[in-house]
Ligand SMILES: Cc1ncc(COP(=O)(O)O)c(C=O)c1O
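Consider the single chain below, provided in structure tokens and representing the form predicted on its own.
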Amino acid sequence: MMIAPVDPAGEYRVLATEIDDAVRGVLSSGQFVAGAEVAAFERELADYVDTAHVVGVGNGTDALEIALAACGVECGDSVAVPAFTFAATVEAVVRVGATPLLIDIVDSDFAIDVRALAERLAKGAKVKAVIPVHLYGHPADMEALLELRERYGLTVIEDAAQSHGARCRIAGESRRVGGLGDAACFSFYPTKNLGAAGDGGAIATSNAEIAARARLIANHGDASKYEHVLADGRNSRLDAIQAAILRIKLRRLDEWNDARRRIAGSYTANLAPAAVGLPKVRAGAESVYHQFAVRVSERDRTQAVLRELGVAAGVHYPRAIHQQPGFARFAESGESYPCAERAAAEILCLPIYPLMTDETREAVERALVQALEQG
């Protein structure tokens, strides 16, 4: 039997009674879009990430695009993005008419290289906003980015799609990501640390104007019934059933993130002698290990051997942004992205999920060691 990289069905089995009751409650209420469950989830997530507002939307990609528009990013603006991330981060920038400015990542935690961004700004690059991606559940260097925001007047929009509950230190205080920039975007795709039973997303912010504009955009620009004050609104709303499920899972999120950290700790200790590069955690940061990403010199061969041994390891992602056909035009002449290219060539994500047993984890460890020895 194949060891899967994730187990969303296992989460349902643990919470089946609560989830079934909640879903029946929504179906009985007749409030399938918006309504009390969505409002309650928005309040609870806002409390969790310590923001004044949360706006539920249809998915994480919509959250990014709507947040950019709500923050005033428009055609002709430049938005700094990491050169190694999921395509949606950059896709959202293009969809609002702005131009992505690709910045290399740092090798240690795969986050945007803040020093490289600072150098571009010091040389006169006109940047309206930056999207730090908390990749694999590890926070970007938000303290350094917030200093750049103050110096250059940047808008900071966190891509927190993979980092529900992660923390980093700001001015000596440990704070959750999602409440650190001008706005933050979450995805609730089923395999996320906080996953729905379908698509869902949210925008978190403490800026009332950004929240109000995001809510307008997401609901056809409708200020009150059939009073459309925006011509470029859209339909992107969080379903009540998903909100009801997410409310239940939010109450378990810290517990399940602790479980991920325990599994990651065991992986790190037991695989230390193996010929792999293990994830590093920056001082003051607290990862939630959405992925346990190791570096392997012969990644594709190792992945294939693991599959033969019954372990489904993932590759997130096999190409850097500038290596993607649709985004290659955004690679600037004379710029290079060596860290992003190394990550794309070496990253291998081992199975990790909060309900993983020690037996399953040990089987993954044995298989990886065997796959490396076969090389």
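The first residue of the shown sequence is 1; numbering continues from there. Small disclaimer: the values here were computed from a predicted structure and weren't measured.
The form predicted in complex with this ligand exists for this protein as well; it is not shown, and the discussion that follows is about that form.
K.L.:
Contact between Q242 and this ligand in the predicted bound form at 4.5 Å, heavy atoms?
P.N.:
Contact check for Q242: no, nothing within 4.5 Å of this ligand in the predicted bound form.
K.L.:
Contact with this ligand in the predicted bound form for G200, defined as at least one heavy atom pair within 4.5 Å: yes or no?
P.N.:
G200: yes, in contact with this ligand in the predicted bound form.
K.L.:
So, A161 and this ligand: in the predicted bound form, are they within 4.5 Å at any heavy atom pair?
P.N.:
It does: once this ligand is placed as it appears in the predicted bound form, A161 has a heavy atom within 4.5 Å of it.
K.L.:
Should R176 be counted as a contact of this ligand in the predicted bound form, where contact means heavy atoms within 4.5 Å?
P.N.:
Heavy-atom contact with this ligand at 4.5 Å: absent for R176.
K.L.:
Suppose contact means a heavy atom within 4.5 Å; in the predicted bound form, does that hold for all of G60, T89 and V133 with this ligand?
P.N.:
Yes, each of G60, T89 and V133 comes within 4.5 Å of this ligand in the predicted bound form.
K.L.:
Want to guess which of 267-275, 281-289, 187-195, 299-307 is within 4.5 Å of this ligand in the predicted bound form, heavy atoms only?
P.N.:
This holds for exactly one stretch, 187-195.
K.L.:
Just to confirm, with a 4.5 Å cut-off on non-hydrogen atoms, which of Y337, F330, Y317, Y48 contacts this ligand in the predicted bound form?
P.N.:
The residue in contact is Y317.
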